[in-house]
Structures are given as C-alpha cells and as structure tokens.
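First come two forms of one protein chain, each written alone as structure tokens, so that there is a structure 1 and a structure 2.
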Structure 1
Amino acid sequence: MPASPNHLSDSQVTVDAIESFAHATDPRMGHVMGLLVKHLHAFVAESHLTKAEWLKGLEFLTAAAKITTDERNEFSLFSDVMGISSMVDVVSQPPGGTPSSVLGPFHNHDSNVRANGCDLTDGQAGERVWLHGRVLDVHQNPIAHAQIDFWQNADNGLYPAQDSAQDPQNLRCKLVCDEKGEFNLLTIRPHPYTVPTDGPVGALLAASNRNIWRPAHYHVIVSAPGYVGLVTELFPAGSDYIDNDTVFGVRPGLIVDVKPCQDSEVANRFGLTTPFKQVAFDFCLVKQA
C-alpha cells in the first residue's frame, strides 16, 4: 500500500517532485524545473525553513506582483539584487563578444524609433554627451543595420516611470545603425541612483543593511539577425559606487571614458560648443550557433 503523503520522507518528496517534470513537452524545461526543485528543496532542508518564514516568502512574491507594471518590474529588480541576473550573464554569455549586464527594472519595449544621429536631450538639464560607436562581429567586421535600444535616467537621477514630470519617452529610443554598423546620438551624462526602495525589494535591502545605489550607466540592447542579442550597460569611469553596485552589474570591459571632443561638425549639428563630452564604444556581437 502506498505511503501516506504525511509519512513521506523529505528525500522522497524531492524525488517525486523532480519526477513530476520528467515528461514535460519541452525536455529542457523539464530538466531546468527538476534542478530548480532539487536546489529549492535543499535550501528548505539546510535552512530548516519554518512555515512562518515560508509564508513571509509568499507574501514577498505577492507584494512584488502587486507593484509590477509595464514600466517597472519588481521581479527583475529582485533578480538583480540577488545577483541572479548577473549569474545568468556569467553562464550564458557567449565568448568573444561584449560583456552583458543586467536589464534593470525600467526597460520598456515601446521606445520610439528615432533616426540614427538623433538628439534625445530636448532642452532638459544635464551635461551633453555624444555617444557613438559601431556594432561589429567577433572578427571586427561591421554589422550593417543592427538595432540599438537605448535608455537612461535623467539629470535628477530618475527614470520616467519614477518621475511623472518626465515625458514617458524621455532619454530612450530605438535606432538602426548605418551600413557600416555605425550609430550615434546626443544624450546627457547619467547619474548614480538608488534602486526603487518603495516596494518589497527595498524593504529586503533595508532589513539586510545593504547598499541601495547603482553607479551611473547607460542601458543598451544590441540586436541583429543571425547574432546573439546583447543586453548590457556602459559605466562612465570614476562614477560613485562603481566598485559597489547593488545589482553586481559592473564589468571591467563596460567601463568607459568620458572624453572631450573637438569635432566641429558634430558641434554644429547639435548646437554644442567645443569642446563637448563624448563616449565612444564599439559593441561586438557573436553569431548564433
């Protein structure tokens, strides 16, 4: 006679839960879910998790769901502060390309498509920075017409989702590189900022006495047909918190210099006075297997 569930040993519960995914339609999903069960059960056993603590965890997830919107993802933030997003980068990054970094909670899929060479500043406060570069393959050949998805915070350190005074499209866009893989846009210098602290993740960080700051950075997603997409960030050198990023997103290859530029053609195009500031960076994509 089968044992009552109440008399199942811990190890048998784990075995049965893993086995329940063995016939998944997608074998990879079944494998991943089985591993997730294995390690979650090991965590429960090792920590001697109480029912009260388990309920607290469920309350945390419920609160994260309530605060998540199209413009803010608390689950993404939770993944970031736990270092999971960065670990996914570490294990999934194909060799030879630009390092990836975290997506962050404020990416929005509906950024307007702007012309290559656009001015995103629109008269707002902030130090002007000309961001330019190329999209290349691992052999340093240009990738024509790659797409750049760009976003950042404003001079007050806030993203549009945090600041109702900003246009929802402020300082973000999608643009298409030219046939040489070149791109450029005018933006402002980003600032360090705190991750959102008004939700359950903020409460977790406070209870843990953890740093809540991120160094200044630009967010960029680079994509092109036939290549592995790249989600990454660029960090101006010398930014505060660059050695203590609360989401562990800084990579040595993503730290960029903000340098003076004397290019009169660019200055005239954007109405700038020389010298102005520039960041030059080439992104490298890896071909899909």
Structure 2
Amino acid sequence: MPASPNHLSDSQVTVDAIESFAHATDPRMGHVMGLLVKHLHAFVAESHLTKAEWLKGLEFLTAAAKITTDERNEFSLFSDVMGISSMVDVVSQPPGGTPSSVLGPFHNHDSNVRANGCDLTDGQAGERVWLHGRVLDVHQNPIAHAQIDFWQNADNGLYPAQDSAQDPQNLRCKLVCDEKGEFNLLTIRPHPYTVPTDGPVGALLAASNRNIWRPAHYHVIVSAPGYVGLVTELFPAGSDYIDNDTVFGVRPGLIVDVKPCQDSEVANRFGLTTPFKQVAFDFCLVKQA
C-alpha cells in the first residue's frame, strides 16, 4: 500500500521530531516532550489543520502572552477551560485521598494565620455558614495539627483581587487543626462567578458558545508533614452551574450539603441564632511514598 503523507506512522517529520528529544538531559522531560510531539502531530494530521488555522492558533497564544502578568495568567486559564488542569488532577491523584480540584488564579500565599474557630465574616453581607470537619489519613485516623489554607469569593461573587472595596485578606485564612485534626471557621455562602472573559480565552469561550460560569465553591489547601498536599474545592450542593463548571473542577466527592445546625454553643460563640447553616467535611490525606 502506498504511504500516505498524512498518516502519522508514515511521517518522517514526526519520527524525527520525537527523536530530537531522545537525548534530553532529563530523560523524563525528553519522554514527555516526545509524547507531546506525537500527539500534537496526530492532531495536525487528523484535523488536516490549514495554514490559516495554524496562524490563528499562534495569534491566540500571542494574545495570551500579551495579557499575562504576575497577577493574571491567561495560559493557566486556557489550561483550565481546556480541562487540562483537571486532567492533571485526575492522573496525579494518589489513590484513597480526597479528590483534588483546580487551584484557580485567586490563591494568595500571604493569607493571615488565624485561630482555629475564627470568624471570617467581619460584618459583611452573606449567609453565615459554619464550616467544620477533620483532617484524616486513609485509615480514618486524625492528623494532628494539619494546616488548612482557605479562600472564597464574597457575597457579590468577587474575590478581593477583583474588587478594590474588599480588604485583600477578606474571606481567606490559614489555620492549624487541633490535636484531633479538627478545624472550624465561620464564613459565608460562596457564589457562582464567571472566569475572566476580557482576554483571548474569553473570546474562545464566546466563539464556542460555551458557559463562562463556575459553580459556587470554597477553595481549600490541606497540608501536613509526611503527607501529599491536597489542593481542592468544596461545592455546595444545588449551586447553579454545578453540572456545567467551565473549568471541569467538580467531582462527586466534593459536593457538600449546606445543612441547618442547632448547636447553641456555636451559635453563642459567633452571635448566630439557631438554626444556622453548616457544612461538615472530612479531608483525607495520603502518606507521601
């Protein structure tokens, strides 16, 4: 059978381009780059990509580079809306732990350390939610003094980085669990919001007639010495867009019920009246290999 120039296995260009990475100093890097070439070439061959389409792709990447700053990374957003960030979560997930989910662009390494049991609401609008639970290992044993890093959007749907009226530390904190691995804090119900749409990714979503919304979520990073760190999110059940997250971050094990709570000690501590709303969730960390 005559060789078809469009068939991947017949392309000397593909073979040569893969081979060009075979002697990388870091063998893993050479392997990953070879696979990337293999799949990108297959995509070009299968789609019969035209020169005009290829140029459009380069223009997209150039526009992404132009809008990217230290505060705003359009490439990271592109990875998110393509489902790549979530696929990396899925394939790198150690078995047995709480599912991970996207980090997103609004994490701040400099969140203040607050006391376990703190009140993050600070008089602002929003339905009060008492968020509490434990950090456990895969055998359900508590991990004493695990660290929680928490952030979310405000009642107007915006993060502090998007809203100069908010204190940069609003609705975010780091805290240390007690010796039983327990944590709790008072916060508000988060809200759905749109990913940034003023760059080339926004134009791509519009041209694709795609949803631009994420469902309501809390962001949490859980860490403890000797355990694989967990970057995840909790999604209140029933939120709009929970079945259509534009960055594909929702996992069944991360959907939480917002339930009424009658605990009068907690109500007194935070100046609430019963019943108030609570979310209870235990995070599970996997030991480092």
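These numbers were taken from a predicted model, which means no experiment stands behind them. Quick note, the numbers are simply positions in structure 1, starting from 1. Rigid core here is just the name for the largest C-alpha set that superposes within 1.5 Å across the two forms.
Looking at both forms of the chain, which one is the form predicted on its own?
Of the two, structure 1 is the form predicted on its own.
If you could, name the hinge position out of 123, 91, 109, 47 for the rigid-part rotation between structures 1 and 2?
Where C-alphas switch their better-fitting rigid part, the residue is 91.
Please work out, using C-alpha superpositions, how far the smaller rigid part turns between structures 1 and 2, and give the answer in whole degrees.
Spelled out, the smaller domain pivots 13 degrees relative to the larger domain.
Once the rigid core is matched, what's the CA displacement of residue 33 between structures 1 and 2 in angstrom?
For residue 33, the C-alpha ends up 3.7 Å from its position in the other form.
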